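What follows is a single chain, given as structure tokens, in the form predicted on its own.
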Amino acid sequence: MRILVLGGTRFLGRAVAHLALAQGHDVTCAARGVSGVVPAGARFVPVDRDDPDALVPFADDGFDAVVDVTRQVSHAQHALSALADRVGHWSFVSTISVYADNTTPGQTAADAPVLPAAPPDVDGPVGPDHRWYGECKVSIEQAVRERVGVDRSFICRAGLIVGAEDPSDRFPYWVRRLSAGGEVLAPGRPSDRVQFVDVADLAAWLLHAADTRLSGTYDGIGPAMSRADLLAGVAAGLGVPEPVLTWVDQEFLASHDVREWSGERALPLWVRLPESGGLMDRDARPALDAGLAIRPLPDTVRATASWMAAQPAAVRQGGLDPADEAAVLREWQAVRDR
């Protein structure tokens, strides 16, 4: 296939381009080129997607498939205007952040309510909390379906993406933490659910969708697992002993300013329950039935760890600082000993 990746210089877009080349496809990456480099062997064309006509020159290049990961509504509209009638298949990487209900476990793309589209004056996420992120992705989903058609478009609502070149602190935090050993602060309960997808598996599924002309809307996510299984799997992938886990009640963590999800003083991949019980416990069966293949967790851990060792400057150092973790553990022990 001739594949146009709108992006291709970082994380998922780069993984798609890299795997497509490995599969023997002809790959063109169109991007600004400021956030990274495309894989060796890909054709790179610098474009400014703020320019409505930036992608018009690609219209006659005979692409079989387009993969777009944008979060900017205008960027999607420009691409669709230039290319929608000139390619065979269009994949848009959306997000589970489009959903209006993060409380209910077991939902699928077929039955879960979504947020309203972004207001007309909002073009992309705003501020450090990425306000309007989900709504902008809803707007782009609607534009793709309307312009390309439901029979030629694949909407992939990605969950948490992990693996090599992960720009976040979420999965790498646990790889780094379990590598260090010692007593590990584990948030919540062992049975709490965690859910994610390896970037290489998601990239393979996007290429499978292009090759088979898969259409429709799916959650791009692997099966949920317990947090205990997550931490055991990370340890197995690292080849270290089973971690010494101290499970700390979520209310205690919140009262001691331990934050959720990611960032400074956070325990990554932790969200409070039950209010976020559906965020990392969606039904992955439709995606698995449609060809998403999930590798064993230890393989994801090894790929992540290898990248972290090779590119330490690229790894975001978020999460709970070791001194803060030790202090919270001491205070938790004091409460339990009363």
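Residue numbers here begin at 1 and follow the sequence given. In this text the structure is predicted, and so the values were computed from the model without any measurement.
Absent from the display: the form predicted in complex with a small molecule. The rest refers to it.
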query: Contacting member of A79, L178, I161, V98, with respect to the small molecule in the predicted complex [4.5 Å, heavy atom]; finding: I161
query: Listed range touching the small molecule, judged in the predicted complex by heavy atoms within 4.5 Å, from 229 to 237, 86 to 94, 109 to 117, 207 to 215; finding: 86 to 94
query: D48: touches the small molecule in the predicted complex, heavy atom cutoff 4.5 angstroms; finding: yes
query: Partner proximity in the predicted complex: G33 to the small molecule, non-hydrogen atom cutoff 4.5 Å; finding: yes
query: Residue contact check: A17 to the small molecule in the predicted complex, 4.5 Å heavy atom; finding: no
query: The small molecule contact at G13 in the predicted complex, heavy atom, 4.5 Å; finding: yes
